[in-house]
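First comes one chain, alone, set out as structure tokens in the form predicted alone.
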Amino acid sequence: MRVTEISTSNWRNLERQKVSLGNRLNIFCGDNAQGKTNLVESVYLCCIGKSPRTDRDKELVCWGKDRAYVRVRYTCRFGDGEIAVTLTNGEKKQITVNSVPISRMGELMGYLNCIYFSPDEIRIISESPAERRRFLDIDLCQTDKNYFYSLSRFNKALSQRNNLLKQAKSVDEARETVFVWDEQLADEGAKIILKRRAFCDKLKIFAKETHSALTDGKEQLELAYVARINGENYPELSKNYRNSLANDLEKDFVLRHTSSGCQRDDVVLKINGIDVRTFGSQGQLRTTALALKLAELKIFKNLIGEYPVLILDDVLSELDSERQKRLLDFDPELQILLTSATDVPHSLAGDNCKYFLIKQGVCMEK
């Protein structure tokens, strides 16, 4: 899977332009605040339907303009494709796939896949369980449209249940109204847990391999999905889910939100048996984040038959020279979009790369 062309118009600070990419390594150099991240962010937008940096679409439109446009052309094992996104102030985002408008975000998933890696991604390891659930959800939504729809239905049901808990004047009143949403939460939540668990069973194997290679075998990474509600299969899990919701209703009424369910699950990461989030050094946090990203690449190849596009946003400065080389030499089949505030030496970039200079929102091939 490769991006062949990026077109932008009024996208953040980027001018109207068209950029043709190489098959392997594409390096976007320039000073800070010139538009490097904005350009690779446009690819992520066409993969996921939203920015990795903000949930507010109006922030993506150039200041003083009413409309922004991004188009990404790509090729994959099924052929060539094109995704375009139009953002208009005050209107709903418009997305087309191969010139055909889509009505639901789920219809976008799986056409163009990417993995985004920036220095901020260390928060997957160091911050709250919500970051690790988000990490799983983004990958699963790209590789499984049914998961995307289950997650959407679950989130809507959860919001409705929480609203009822806030409005109810007594536990008995809450009990009379929440059971409808409990059924849907148990149904979709069980599916989500099973798919997250299966994904983590694959991910932990690849993550352990890549982390061992990055540390020359000195450290062993363990990964486990920890669910609040357990069960061996769907019938058992959904039954346990319903029972947990019913048993926790009085507590939920006091808290005014749903306390049990997959929205509370976590991914535990340990190095040599020690929780890396709590006790890991900064170097271990960075290495673990890198190991997860490399493991993501392998699991995508395993699940969909080809690598996604790898976006590296200003990460080389966070890694030592050996890890830089391991990352850029991962596999010749992999396309990389790399941003950097400094030139990348030829000894690291190699011959099969394309250099671009970005200055004041204009991207020019060097």
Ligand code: ATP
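Note that residue numbering follows the sequence shown and begins at 1. The structure displayed is predicted, hence computed values, not measured ones.
Omitted here: the form predicted together with the ligand. The next part is about that form.
Looking at 43 to 51, 318 to 326, 298 to 306, 27 to 35, the stretch with residues near the ligand in the predicted complex, meaning non-hydrogen atoms within 4.5 angstroms, turns out to be 27 to 35. Proximity of I336 to the ligand in the predicted complex falls outside the 4.5 Å heavy atom cutoff. Although the partner is absent from this view, L310 stays clear of the ligand in the predicted complex, with no non-hydrogen atom inside 4.5 angstroms.
In the predicted complex, at least one heavy atom of E59 sits within 4.5 Å of the ligand. Among residues of the shown chain, N13 is one whose heavy atoms approach the ligand to within 4.5 Å in the predicted complex. Although the partner is absent from the chain shown here, none of E107, L194 and Y234 has a heavy atom within 4.5 Å of the ligand in the predicted complex.
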